[in-house]
Each structure stands twice: as structure tokens, then as C-alpha cells.
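One chain comes next, on its own, written out as C-alpha cells in the form predicted on its own.
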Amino acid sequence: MPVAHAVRFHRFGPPADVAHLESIEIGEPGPGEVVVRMVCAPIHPADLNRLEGRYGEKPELPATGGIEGFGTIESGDGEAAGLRPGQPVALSQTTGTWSERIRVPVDRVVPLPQDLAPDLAATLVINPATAWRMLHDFVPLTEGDWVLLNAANSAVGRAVIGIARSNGWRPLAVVRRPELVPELLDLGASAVLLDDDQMRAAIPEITGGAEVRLALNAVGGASALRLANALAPGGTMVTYGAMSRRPLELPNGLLIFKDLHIRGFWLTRWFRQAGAAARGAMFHELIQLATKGVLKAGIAAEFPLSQAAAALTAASTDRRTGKVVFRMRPAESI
């Protein structure tokens, strides 16, 4: 019976306290299943929320952490889908990626080019896909349109900037720290503003009076209110995160007199509702953007599975410059 070391949790609580390295049996792959030998897997805010028991749905305990990752096909029933041993793949709609090996259905793996950097491959599915869907599913954007986003230095924010610029849209980035401004301008943001009470007054001058019809909110609280105030009448604000852990508090007048549309987005729900063709088309576009350098990994630190507590502590801290990832094996061994 195949076994693997994995970062597991048997109860909910502070991530660094409840997650521990264990040896688990992953089982032999059955019909339509493959075993993926993992290379690396990121730690997302959603991963931390799952360990805390505060995610949109709670996993059955005990559980293995991780909702995304990169590895290579090791064995199993994948040839019908063109998946042969050694094929690099990203994992989609999958939990339990903080493991040396994982057994998954064939339709949960995304074949990747051989030369895609492992760190980028490991972070291709969740954040870029969230950015892609929010830019394409809520407001029909045309060339030159502005997109307002807070938490622009986050992984989703950086993906929004890259995808928007590649389509001729203008990302108007909002951040809390002034030292982030030059980096995001270099990344392709059309303008970068600080998330404060002066933000709204500065936007018309930056846009030349053009309307802002789409805002993407990952923060909530006062920051979300500032985005909503900056939107044009009839504009749409899409909330996909709550980094401030503060609720949306919008005055009735923004809905009555501006007719704003307040929406939410959860990638898990999209995956469940979308067909295979829609998922495949999106991943094809994202892989193309990744190979062209439009999407970037942004890795802050790497840890082995044996240092789970240190990795989760690092991932829980503010002012990181990128993702914290678990590294199961070196890239040169692929």
C-alpha cells in the first residue's frame, strides 16, 4: 500500500498548533485515478481558514492540508487522458496537497508544459483563476476600461494586474503601504493609490473622468466602502475575500441612488458549476499567460513538510512579499 508523509490536522484551531507531519496510506489508484508525486504546494489564506474551521465548508477530520499544488504523474489510470508517468501537472479542485504523494481523479489534474517553473505551476490554479473569472464574469470590459482593486499586492491582485493589462484594461491598484507602489507600477498597474480617505478624490484625475464600473474587494470593512464610493452609478463590486475580518457596511444611498451591484465570488462554487470545457478553456488561457511571463509566482519562503509549524507561522504573518510554499522535492529531480 503506497504511503506518504503529509501535514495533517485532527482538530480546528491555530494552524501552527493543530497541523503535524504524519505518515498516511494513500491507496492504490483505481479506474480513472492517478498518483501524483508532489513537488511543491502553497499555503493560501483559505488553507489557514480551513485549519481554523472558518472556511466556507469544513473538511471531515482528520484531514490533510493544502488545496493546490504541483507535481508529476507517478502511476495510475491516466493514459486515456494523455497522462503518462513524469507528466507535470497542477492539481485542481483538490484537497490534501501538503503531502509527498496524493491519489486523485484524472479530471482533477491539469497537464502542464515541461518547462513551466515549479513555483509558478504550484500557484497557477487558485489565485490566477479567481482573477480571471472576476475579470470576465461580472462586467463586460472593453479596451481602456478601468478596474479598481484593493489588496493589490496579494497574489490575486497581482494576477488581476497581469491579466487586465494583457487584455488592454487599466488596473487601478489600491494598497495600504506606500513602499509597494513602485513594485506594482513595475508589474503593470496603471496607477497605485493608498487605501485611505483621499483615494476617492484622486481617482477622477487619474482616470481623466472615465467611469470605474468594476471593483474587486478582498478586504471588507472601510476599504470596501471606499471602493464602493469610487464606483460609477450602476457599477459592480465583487467581494472574494475579507482580509480585515470586517463586514461590508454600505450606506443605503449607494444602492438606492447609485444602483450599485454587490456580488460575491467563490472559486470552489464556480468549479462545481462549470463544465469540463469551460474549465479547460480557462486553464488553457492561464497556461498561455504563464508561459509568456504575464503571471508570476511571487514566492516569499519555502519549507519542508517537516517544518509545518514554522511554515504556517510564516504564512500567517502580515507584510509578506509572496506566498509561503511547502517544498517536497527539488526542481532538478523532476
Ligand SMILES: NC(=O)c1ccc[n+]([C@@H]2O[C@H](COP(=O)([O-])OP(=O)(O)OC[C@H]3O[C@@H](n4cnc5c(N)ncnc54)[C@H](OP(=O)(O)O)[C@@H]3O)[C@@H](O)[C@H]2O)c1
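Please read all numbers here as calculations on a predicted model, not as lab measurements. Note that residue numbering begins at 1 and tracks the sequence as displayed.
Below: the form predicted in complex with the named molecule, not depicted.
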Handout entry: All of I126, N153 and D318 within 4.5 Å of the named molecule in the predicted bound form, heavy atom check
Key = yes
Problem - Answer option from G162, P88, G241, G76, heavy atom within 4.5 Å of the named molecule in the predicted bound form - result: G241
Fill in the blank from the handout: Interface check vs the named molecule in the predicted bound form: of T72, T130, S92, T207, the one with a heavy atom inside 4.5 Å is T130
Handout entry: Which of 304-312, 22-30, 276-284, 41-49 lines the interface with the named molecule in the predicted bound form (heavy atom within 4.5 Å)
Key = 41-49
Practice task
Decide whether H261 counts as a contact residue for the named molecule in the predicted bound form under a heavy atom distance cut-off of 4.5 Å.
Solution key: no
Exercise for the section: Tell me, yes or no, whether R176 is in contact with the named molecule in the predicted bound form, where a contact means a heavy atom of each within 4.5 Å. Expected result: yes
Practice task
Using a 4.5 Å heavy atom cut-off, state whether I299 contacts the named molecule in the predicted bound form.
Solution key: no
Problem - Touches the named molecule in the predicted bound form: A290 (any heavy atom, 4.5 Å) - result: no
Problem - Residues within 4.5 Å of the named molecule in the predicted bound form, restricted to 263-284 and counted by heavy atom - result: F265, W266, L267
